[in-house]
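Shown below, as structure tokens, is a lone chain in the form predicted on its own; questions about how it binds or moves come after it.
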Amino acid sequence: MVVISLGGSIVAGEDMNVEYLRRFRRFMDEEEEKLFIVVGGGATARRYISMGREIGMDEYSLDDIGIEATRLNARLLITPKTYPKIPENIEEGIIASKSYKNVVMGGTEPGHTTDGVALLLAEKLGEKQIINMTSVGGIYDKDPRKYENAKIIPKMSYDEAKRFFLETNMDAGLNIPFDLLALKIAERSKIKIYVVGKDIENLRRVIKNENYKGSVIE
């Protein structure tokens, strides 16, 4: 079983790359390993949460809206070999994985990011690694979209990742693609976090334990 935390901006970004979706869905059905994919909210979630905040909704309700957005994005990845529903919790997802090759889900409950859900899922399954696919493609010493000389950090410990997360002034979703809770879950169960971009061939290399482009937290 391969657990993938897939950034919502990759699935349903501003450009809505339909051809990429077709290729990713094809990869899902062709990949030999069983896949468990947790999809983020991306621009869809940000847009609705922003509107909700403007009209005065409370943060708990905004979290709920974000969860609905993640599940909407996840629906785009349901293929003939995928469980035909979006599980609402980890237990339902694990039960579904016993009968289907692939399971796709979004968020589960307010206060948990989809990265956290992916780590909890890996922990429950006894998996020792997850793959995080982001629009940036790794962990950098500075924002690569602002600085041309930004350098990728190929390897980082859990403690370094937590410290970097706390010290950086950048958007956490851009630089360290995991919240502190997710990092703590990874640390307590010694789960490696591979941080890569959207390239599907690169993803295949990570799954096969071959040389890949990206970063790892361990």
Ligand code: UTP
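From a predicted model like this one, the values you see are computed outputs, not experimental measurements. Numbering starts at 1 and follows the sequence shown.
Keep in mind the form predicted in complex with the named molecule is missing from the figure; the text below concerns it.
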In the model of the complex, segment of 27 to 35, 66 to 74, 153 to 161, 182 to 190 with a heavy atom within 4.5 Å of the named molecule
66 to 74
Can you work out whether residue 121 and the named molecule are in contact in the model of the complex, taking contact to mean some heavy atom pair no more than 4.5 Å apart?
no
Residue-level contact is defined here as any heavy atom of the residue lying within 4.5 Å of the named molecule in the model of the complex; does residue 102 satisfy this criterion?
no
Check residue 109 for me: does it contact the named molecule in the model of the complex (non-hydrogen atoms, 4.5 angstroms)?
yes
Do residue 117 and the named molecule share at least one heavy atom pair within 4.5 Å in the model of the complex?
yes
Do all of 3, 93 and 97 end up near the named molecule in the model of the complex, with near meaning a heavy atom within 4.5 Å?
no
If you look in the model of the complex, which residues in 36 to 61 sit within 4.5 Å of the named molecule (heavy atoms)?
40, 41, 42, 45, 46, 49
